[in-house]
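Here we start with a single chain on its own, the form predicted alone, put down as structure tokens.
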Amino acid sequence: MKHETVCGLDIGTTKTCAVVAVDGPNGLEIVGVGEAPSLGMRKGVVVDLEQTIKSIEAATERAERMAGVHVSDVYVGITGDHIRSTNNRAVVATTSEDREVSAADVRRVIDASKIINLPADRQIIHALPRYFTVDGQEGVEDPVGMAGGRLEVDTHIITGGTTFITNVLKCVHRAGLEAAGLVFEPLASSHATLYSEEKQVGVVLLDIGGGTTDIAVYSLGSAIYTATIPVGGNILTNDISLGLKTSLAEAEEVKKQFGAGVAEDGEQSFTVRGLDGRTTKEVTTQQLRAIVVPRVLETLRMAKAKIIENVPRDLVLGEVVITGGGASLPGLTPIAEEVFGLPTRVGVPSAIGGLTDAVMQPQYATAIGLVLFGAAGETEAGEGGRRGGPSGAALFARIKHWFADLWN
């Protein structure tokens, strides 16, 4: 295969998904998608090594078969309640005689911003430059070549628990793959679903998975706050199963079909099988609503509370974008609009070629975003909108160089 390949691996609580893209004539194109049930993950954390390895192997093998290529390196999504984020600032003096900011100065100031008080059991996953300041002039996106003697950077730093990260990487390695990079999942999802205009104006991205809900808040083009809450769509399935006294499989089907129980043409009734699989009973959308809506409200309010606590109150946010498997819940968008008081849309991946209707679904946003994030390089990492990053051989030649700078 003459084309270079990039592979994203989203090891979720419900499913593991691998996406393979090649560098085609018009930029990146998806050529393979594979998924398998995740049985070894809980709330973004490995609880069974062997089961997780099997899921990774199965998903990757299916993607390879569809793509007709062999994958050895993958960009791995990471999430979980162990993720923390902070913003830090650093300053260095420029070193060239002509007082011109060089790429080396930029690397030095970003490295300086990574010096934070970090416990021994935590490590930096990302250090994303938000903006630079040159001799007091704020808001500079790319300072290289500018005249100045003092270079400052504001950096968004994302850290994770070393134990949790090591276990994920161990599974990837034992599945016969090498991790080309670790990406916090909502950053990947935002790469696939958000417009650059939205990131400028201010947007909240909620990536609702099976076991976790990831949050990323963007303003002026870059991430200013990221977090994870350990609640996802699976808890809704459990609630429906308990409330309607039916199996988890039946509850999952009810969730997918009727969602929050908001019927467009008034109240509806539907049949649900009992726990024994033989008896049935009639249930109304009103009964379903009484089970689902309180849990949805609780999850959204938890996310909102995190944002209010950590994002400056004077920051203007334009809208909320919901993605991940949980975004497919019928009736979710109006509830989110009510909670946040902002226009809300479902984020589907569309920033890359080769997408079929089957893959243009919110549950694939993270895996597709991992491919985009992996290919875009350091300069696009904190700002990418709807574009596939640079194309051609230069794109892949750069991956090895920026990786050391972007991830520790």
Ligand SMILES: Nc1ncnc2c1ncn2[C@@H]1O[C@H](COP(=O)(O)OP(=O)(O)OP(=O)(O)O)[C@@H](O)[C@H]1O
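Quick note: we count residues from 1 along the sequence shown, nothing fancier. For clarity, every value in this text was computed on a predicted model and none was experimentally measured.
Here the subject shifts to the form predicted together with this ligand, a form of this protein not shown in this document.
- Only one segment in the set 143-151, 233-241, 123-131, 88-96 has residues whose heavy atoms sit within 4.5 Å of this ligand in the model of the complex; it is 233-241.
- Within this chain, K245 is remote from the site of this ligand in the model of the complex, having no heavy atom within 4.5 Å.
- By the criterion of a heavy atom within 4.5 Å, E252 is counted among the residues contacting this ligand in the model of the complex.
- Of the heavy atoms in I110, none are within 4.5 Å of this ligand in the model of the complex.
- This ligand is not drawn, but in the model of the complex it has a heavy atom within 4.5 Å of T212.
- The partner is absent here, but in the model of the complex a heavy atom of S328, alone among S328, T159, N167, T333, sits within 4.5 Å of this ligand.
- Taken together, D10, G44 and K256 are fully in contact with this ligand in the model of the complex: each brings a heavy atom within 4.5 Å.
- Of all the residues from 141-180, none has a non-hydrogen atom no more than 4.5 Å from this ligand in the model of the complex.
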